[in-house]
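Below you'll find only one chain, the form predicted alone, shown as structure tokens.
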Amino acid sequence: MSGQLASVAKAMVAPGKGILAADESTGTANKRFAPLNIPQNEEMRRKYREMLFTSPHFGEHISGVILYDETIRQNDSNGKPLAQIIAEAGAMPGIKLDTGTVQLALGGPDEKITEGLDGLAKRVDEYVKLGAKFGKWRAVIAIDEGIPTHRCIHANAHALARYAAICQAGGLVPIVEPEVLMDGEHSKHSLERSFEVHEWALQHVFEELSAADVRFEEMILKPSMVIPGQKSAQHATPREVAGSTVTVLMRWVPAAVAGIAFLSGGQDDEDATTHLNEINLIAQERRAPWPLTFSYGRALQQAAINLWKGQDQNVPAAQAALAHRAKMNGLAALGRYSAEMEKERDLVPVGR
């Protein structure tokens, strides 16, 4: 089992490839459909995911797909399981395992704890039978006046470690996602404050993972980037973001970790790609020990869903948009992206 999980983890961060986060809950998916006048029902969510997973050359730059419970149980229009569609495209299906966040008892304002540990071992067993190769658990850490508190950092780190240990015991590679949210105010969410909170969070997460005997070579870390809050008046250059991000990772992430796949955290498409590219350039300069790639949701999907709009005739254009963004991020994961490459979408065939 151990060797198999390590092989899966390595494949998830293969050179030039990253992970598509398509694990939006029913509510979140419906919210994204609403502004585009797409019917908000299970069938349209299925059609949308099928459109994504059947894009030409899907597995060329996508190594795996994080699915929601509804999606991993669905079939395509011909009756084939979507998890099988993903596998036949050259990627691996994974599954979101947490059940969302609730207010942290005795925590500060806006502090959350992620739930889903009860019955997790049985759910892992079921998802393995449905074809999942890896799991994901997201913890959220907000920055504001007086937060995060130690209680919040510790509780979420402990839950992430318990989840990761259960995953590995059940045959899934865990994606460990401690997300420092980007929506803090100016005076409380500077680049420097973001760096401090990332340090604090990663230190506790890896202490708890170690205490839980989680095997680092059989896990993927999915961190946020060190960025000032979106409501902040502070602007950080891509080089500053990348330098801070690589520094905090090299201080606290063990070299044995199989790889790091960043979340986009609300960045727009090209910013997320630019930051990933700059992170890889600096990581190469500093000889970072792990592959650094992407695990993006909206930053991969937004252009595609805007073009699709629920209409069958728009599928080719939407798939072309997904293929383009996947290729751009695949190049960024190698430190080979430039803004000029964004023009390629109109000049070359999809996936080339």
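Predicted model only: the values in this text are computed from it and were never measured. So that there is no doubt, residue numbering starts at 1 and follows the sequence shown.
One more form of this protein, predicted in complex with a small molecule, exists but is not displayed; see below.
*Asks:* With the cut-off set at 4.5 Å between non-hydrogen atoms, does Glu218 touch the small molecule in the predicted complex?
*Replies:* No.
*Asks:* Using heavy atoms and a 4.5 Å limit, would one call Ala332 a contact residue for the small molecule in the predicted complex?
*Replies:* Heavy-atom contact with the small molecule at 4.5 Å: absent for Ala332.
*Asks:* Might Ser295 be said to contact the small molecule in the predicted complex, defining contact as any heavy atom within 4.5 Å?
*Replies:* Judged by the heavy-atom cut-off of 4.5 Å, Ser295 is in contact with the small molecule in the predicted complex.
*Asks:* If we define contact as a non-hydrogen atom of the residue within 4.5 angstroms of the partner, is Glu177 a contact of the small molecule in the predicted complex?
*Replies:* Heavy-atom contact with the small molecule at 4.5 Å: present for Glu177.
*Asks:* Would you point out which of 208-216, 150-158, 258-266, 69-77 contains residues with a non-hydrogen atom within 4.5 Å of the small molecule in the predicted complex?
*Replies:* Single hit among the candidates: 258-266.
*Asks:* May I ask you to choose, among Lys222, His275, His198, His189, the residue with a heavy atom within 4.5 Å of the small molecule in the predicted complex?
*Replies:* Of Lys222, His275, His198, His189, the residue with a heavy atom within 4.5 Å of the small molecule in the predicted complex is Lys222.
*Asks:* Between His204, Arg138, Arg193, Lys112, only one gets a heavy atom within 4.5 angstroms of the small molecule in the predicted complex; which residue is that?
*Replies:* Looking at His204, Arg138, Arg193, Lys112 one by one, just Arg138 meets the 4.5 Å heavy-atom criterion.
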